[in-house]
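Okay, so here's just one chain, in structure tokens, the form predicted on its own.
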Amino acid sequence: MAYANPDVLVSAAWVLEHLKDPKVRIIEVDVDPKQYHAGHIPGAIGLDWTKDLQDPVQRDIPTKEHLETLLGSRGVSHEHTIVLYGDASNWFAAYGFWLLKLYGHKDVRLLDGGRSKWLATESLPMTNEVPSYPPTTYKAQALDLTYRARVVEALEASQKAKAAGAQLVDVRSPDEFSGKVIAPPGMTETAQRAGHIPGAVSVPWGSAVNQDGTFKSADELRQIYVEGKGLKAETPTVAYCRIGERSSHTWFVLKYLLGFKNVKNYDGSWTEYGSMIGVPIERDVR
């Protein structure tokens, strides 16, 4: 069994062959921008997830105008093939992929294995030089909300899950899902309560990758999500985590690698849901 959309995933060898391709823009997305400045793929543009891909005032995605200015100033056009990679197991690169699809960019791809895979291969080049490309006029499309779930849709999915009319996938760790912890070790506890959304199925994001960070085969992914957890490709599905980055990784797996028909990323995730008054929460610990 092959991936449903194999073109959205590129290898390190593919990137190496296209380092000087004027039709390709390589973008590193990091939650820790020091990683980029310590060394990156030659020609890669560096984006700071916190500053560049988040609204600077309210908790939300950046506006259409912000994204157009950001990418245009870095020499990216809507006609470029964009290849994303980054730190933290490609979580934030996957978030960038999701964001670009929200705004209608046609050709977006992920570097399989991300930054860690590139670094682990001794023959692959790295540089500290920051590229400079001529500015462009980037044209984003209107938001495509078929990719994004809000809290109302998460609640609806929770209710419909009881009758198998929807699927909720919690991609956090088992301890977060059970309610033992609110956030993973070393991360800020951003919600007021621990637990999970009723009706959610626990499938930690890391189930989808090999030890080197590359994605597992289509057959292995199908075994995990479809045969193991009983998820159906035709049933509307919502993925969530803590802040929307790990769930964008699973959203990518379900939608593009396995070909699920209707998958949304709930980027509000547990940070929003776990702090709301009156919403139902389930816990497996006391």
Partner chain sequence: MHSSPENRVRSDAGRPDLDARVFESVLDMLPSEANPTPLVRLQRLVPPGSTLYAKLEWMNPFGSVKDRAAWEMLRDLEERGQLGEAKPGRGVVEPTSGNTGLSLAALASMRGYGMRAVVPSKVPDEKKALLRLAGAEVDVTTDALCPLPGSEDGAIGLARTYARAQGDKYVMPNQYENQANARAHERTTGPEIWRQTAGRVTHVFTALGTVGTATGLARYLRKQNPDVKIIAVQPSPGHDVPGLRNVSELSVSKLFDPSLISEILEIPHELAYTRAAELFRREGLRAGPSSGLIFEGARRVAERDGVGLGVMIFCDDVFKYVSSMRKHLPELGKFNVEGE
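Positions refer to the first chain, counted from 1. What you are looking at is a predicted structure, and each value in this text was computed from that prediction instead of being measured.
The protein also exists as the form predicted together with its partner chain; that form is not presented, and the subsequent description refers to it.
For the options Tyr103, Tyr138, Trp91, Phe177, the residue carrying a heavy atom within 4.5 angstroms of its partner chain in the predicted complex is Trp91. The partner is absent here, but in the predicted complex a heavy atom of Met187, alone among Met187, Val130, Leu145, Ala163, sits within 4.5 Å of its partner chain.
Its partner chain is not shown here, but in the predicted complex it comes within 4.5 Å of a heavy atom of Lys34. At least one heavy atom of Val209 is located within 4.5 Å of its partner chain in the predicted complex. Interface residue remark: Trp118 is counted as part of the site for its partner chain in the predicted complex, having a heavy atom within 4.5 Å. In the predicted complex, its partner chain lies within 4.5 Å of some heavy atom of Ser173.
The chain is drawn here without its partner chain; in the predicted complex, the stretch among 240-248, 60-68, 217-225, 257-265 whose residues come within 4.5 Å of it by any heavy atom is 240-248.
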